[in-house]
Structure formats: C-alpha cells, structure tokens
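Encoded as structure tokens, the following chain is the form predicted alone, with no partner shown.
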C-alpha cells in the first residue's frame, strides 16, 4: 500500500541486537532492509495491556498458511483467538512462521558454537525493558525468511531474496508491544551467511486503512473469544512450582457430550457409491463411516468459512 505516513519514531538495530517498541492501535511498524543481501527479522508481538495475549504462530498458520504476506492477520493465541495486527505492506512476500527462533542450544548442538548470537536471547533482552522474562519469548514471525517443504516433508531454508529498501509494514489493531531483532543465523542461508542491520520505524496510520481491516469478518467479536474476565483463575500465577489445589472440582465446558445415532435411508445408487468409497481404503471401514466422511467433506467444501484443509483425494471425492 502506497501511503504517505507521518514518521513518529525510527531506529536502526545492529547485528546482535533487537528493540521493543510500543505500537498503538492504528499505528504502523515498518521493518526495512538497510543493505542488499537480505536479513531476516525475528518478531514477537504482545497486547500492551495484557502481555499474556501475544502473537500465535499456529493460529496464523492455520488461517493464512506457512508464508503469510500482505493482508494476513497476526492472530493471538487461544482462548482469545483474535487479530491483533495485520500485514498491510510486504514488498518481498517471503516470510516464515514454520521455523522456531534460533537459540543458544541450537548453535551449540548443530554447529559446536556454544557462544553465538541467537534470536531467543536477543528477543529476551529487548523484552526485558518491559519487565518480561526469557520464558515470555514466544515463537517468531520470521520476516524475509525464505522457507519451504521438500518432497520428503522436511522444511528447508532457501536464500534470502530481499534487498535494500524492501520492507514489511504491520498495522496494530490493538495497543501492542512489537519486538524485532536482527536474526542471529549467520551460519545458515536465512541471512545469506552474513548479518545486516535493519531499520525499524513507527508511523501514524490512517483512519481509512484501520477501518478497512476492522470491517473484515474475522474482526467480529464473539463469545468464543474468551478474555480473563471469563477465566476461572484470573490472576497470573506468581510462583514457579506447581502444586495441586486440594479444593479443585472440575468444571469442563460443553459437557456431558451427548451422542445420538441417526438413521439415513439410502437408494441403491447411494449405497453403491458408499461401497466404492469404502473400497478405496481412505474413507472408513463401512458404509456408516464412509457416509460420515462424505457428508462432512461436502459440508466443509460448500459451507465452512476460512481455510478448509481437505486432502486432495477427499476433496475430489
């Protein structure tokens, strides 16, 4: 998006470092390449008013796939399950939310380098400015990281294809703490085997683009997005040791689960189709299981919202 933005703050983070920045609702964080050659930025994001709500790679992968780009939301973890930011500009389109952040152990184990810059320690140090601990660092959004899955189902890291001036912009949908660091992987293709600085800049967003994304259907709040007001334990646990509460009585939601058998009348033609599905070996061991597969896949294909995640053979059937 080509928007003339008002600059509020900027800094350049050097290799081995990162920075935590308050980015309020409607403001935009830009992460920008300062040199050619490509540099990955590992990224964390927290609700500024409740740090227990933070960016969640798994929900974001589920909704937007392994390489989110322009238009993708950054989702927070269950039970909140809501967009907390959105990618509004991405000049490269190579980002990763599959690989975990690199750590001290990783370089020690894989490379024999017990002393090495790493993303976990950099994120932890940047977040310490706001009172967070190393345990509060979460899985990263790896901007500009070029990854994929090979034919054997294993992830791989490809060359970083970003160049000077390339950037991503994140629009905050709530008040956030956004944290970025210069990825510590100089012995991997992540950064083309060389560190480069990154520019971080916070801009004032526009009311128009904020309204544009707040109108999207994913932004509609529901009762299934639970906040601490609905938690039975509302206070963050202050001690690290786990001990049993002798007064605990379980109160699981949505129980007891009730099962009901449903009889379905089949024509001879329908029965033959189900028998054909059973014979494939992919849709259950009998007509009842095959019918359950066929019905639910039909419903998913025609009525389910969002990503469907159907196996190709199931979708074709």
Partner chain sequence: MNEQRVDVVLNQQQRQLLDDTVARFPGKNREEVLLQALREFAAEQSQSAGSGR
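Numbering follows the first chain given and starts at 1. Here the rigid core means the biggest group of C-alpha atoms that line up within 1.5 Å when the two forms are laid on top of each other. Bear in mind that the values here come from a model prediction, so they are computed numbers and not experimental data.
Heads up, the form predicted in complex with its partner chain isn't pictured, but that's what we're talking about next.
Looking at its partner chain in the model of the complex, residues 261, 264 and 273 each place a heavy atom within 4.5 Å of it.
With a 4.5 Å cutoff on heavy atoms, residue 251 does not count as touching its partner chain in the model of the complex; it lies far away. Its partner chain in the model of the complex comes within 4.5 Å of no heavy atom belonging to residue 48. Among residues of the shown chain, residue 291 is one whose heavy atoms approach its partner chain to within 4.5 Å in the model of the complex. In the model of the complex, its partner chain lies within 4.5 Å of some heavy atom of residue 277.
Across the options 22-30, 35-43, 282-290, 62-70, residues that bring heavy atoms within 4.5 Å of its partner chain in the model of the complex belong to 282-290.
The Cα shift for residue 272 between this form and the one not shown, taken after rigid core superposition, is smaller than 2 angstroms.
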